[in-house]
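Heads up, the chain below is alone and in the form predicted alone; it's given as structure tokens.
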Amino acid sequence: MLKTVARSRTVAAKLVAAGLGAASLALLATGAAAGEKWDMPMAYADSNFHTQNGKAFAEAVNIATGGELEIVVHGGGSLFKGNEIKRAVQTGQAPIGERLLSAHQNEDLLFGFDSVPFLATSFEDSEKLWKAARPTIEKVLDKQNLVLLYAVPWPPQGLYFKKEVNALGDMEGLKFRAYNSATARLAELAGMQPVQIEAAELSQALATGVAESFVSSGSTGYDRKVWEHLTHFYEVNAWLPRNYVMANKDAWESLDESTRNIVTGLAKLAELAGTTKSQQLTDWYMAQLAANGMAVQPAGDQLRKDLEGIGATMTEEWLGGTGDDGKAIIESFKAM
């Protein structure tokens, strides 16, 4: 299955390159027309693969629309902070933006479908879960004046600490950086103290002791050079959360049909390209953490057992809070 997906993404990438080449030649022949400009806030650093993927998507849109729609990416929370982006797009302060889907669990638990612990722990299962959840998520976003364009998973989530951890008892009282409701709940169930911290503020939080542990992918650890403050990374593959790119519905509907079709097509390719990049980088990030002195290893038997117990509790809570919609997503996923 994964080989088939990888082959399809390779073909897609070649088609994109060919299409953009043709579009570029057309622009050189006709000259770029001045068009509409969309500022696109993103929460993560310019070096992060999500931001790089967003920039490639924006450039493709600029070229393929002949300058009729120019998307300008603002990374690192420079235009709006991570927790401000969705609201900014909803209200039209920004016509397009990217945010972590599960960051909205406090609005609607359905947004946390990809942060149910140990439900989808591989890229293949993540794709299946997204296919099962996407129609429901699109409906929820539509009611919030938003149009879903694409979504890309992070590498599998693991646990970062500044000491060896073999069981839940070793976590007691630690200050744990949370980035959504699920991670805050994980901290509570593990006996830790959750502290809500955006990715852009993580380095400072670790340096000042505001946080001393967290759950995230190898990407976050590498981007923030957490080996300067932490010592251990445990591979638990808890979940693969997704970042998504959304557009303000009013701004979207103001575009002509041809432009919307171009953006929709390129969004599909951006999702494929971003997912492929995430998969390719997973082992590389682990190697970089190890190369910079961190102990990178699978969770021990007792720690995994303890975490799976927490996962079972959180799954029951999520299903209880999402009702029939949540149940339908899980049943559709498991039927694939």
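Start at 1 and count along the sequence shown; that's the residue number. Small disclaimer: the values here were computed from a predicted structure and weren't measured.
Below, we refer to the form predicted in complex with ligand PCA, which is not included among the displayed structures.
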At 4.5 Å by heavy atoms, is each residue in Leu100, Gln157 and Pro241 next to ligand PCA in the predicted complex? yes
Tell me the stretch among 174-182, 229-237, 134-142, 187-195 that has any heavy atom within 4.5 angstroms of ligand PCA in the predicted complex. 174-182
With ligand PCA left out of view, choose which of Thr259, Gln90, Ser217, Gln105 has a non-hydrogen atom within 4.5 angstroms of it in the predicted complex. Ser217
Which residue among Leu110, Leu146, Ala199, Leu79 has a heavy atom within 4.5 angstroms of ligand PCA in the predicted complex? Ala199
Even though the partner isn't displayed, in the predicted complex is Tyr44 close enough to ligand PCA, meaning a heavy atom within 4.5 Å? yes
